[in-house]
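A single chain, nothing else alongside it, follows as structure tokens in the form predicted alone.
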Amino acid sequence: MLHARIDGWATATIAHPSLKGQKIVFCTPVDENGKDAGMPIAAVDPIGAGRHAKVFITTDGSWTQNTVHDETSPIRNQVIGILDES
């Protein structure tokens, strides 16, 4: 599991069938101080987190494949929670 910040969304005119109707976001992993801690990654966002939201991401590909109901899906990462900073 990673902490990350959502930087934006992806749109595609052609995508794997398992990603049809899925929101794909680009996230930058961050450390406990909120500093960038890695290269941006793409993730499925089934919970609708907003831009700049701090989120939890699972990198368990089989979990994400279960979410999109396709074990051949190329997506590996999924937003699984929004960090409440209040």
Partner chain sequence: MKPGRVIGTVTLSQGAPQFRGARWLLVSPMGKDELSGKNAGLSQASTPVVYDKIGAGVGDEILYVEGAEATQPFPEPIPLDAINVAILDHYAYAPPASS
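Positions refer to the first chain, counted from 1. Just so you know, these numbers come straight off a predicted model, no measurement behind them.
There is another form of this protein, the form predicted together with the partner chain, and it is not shown here; the text below is about that form.
Although the partner is absent here, Val68 is not a contact residue: none of its heavy atoms lies within 4.5 angstroms of the partner chain in the model of the complex.
Shown alone here, Asp31 lies farther than 4.5 Å from the partner chain in the model of the complex, counting heavy atoms only. Within 4.5 Å of some heavy atom of the partner chain in the model of the complex lies at least one heavy atom of Phe26. Using a 4.5 angstroms threshold between heavy atoms, Gly61 counts as touching the partner chain in the model of the complex. Residues Asp36, Gly38, Met39, Pro40, Ile41, Ala42, Ala43, Val44, Arg51 are the ones in 35-51 with at least one heavy atom within 4.5 Å of the partner chain in the model of the complex, listed in sequence order.
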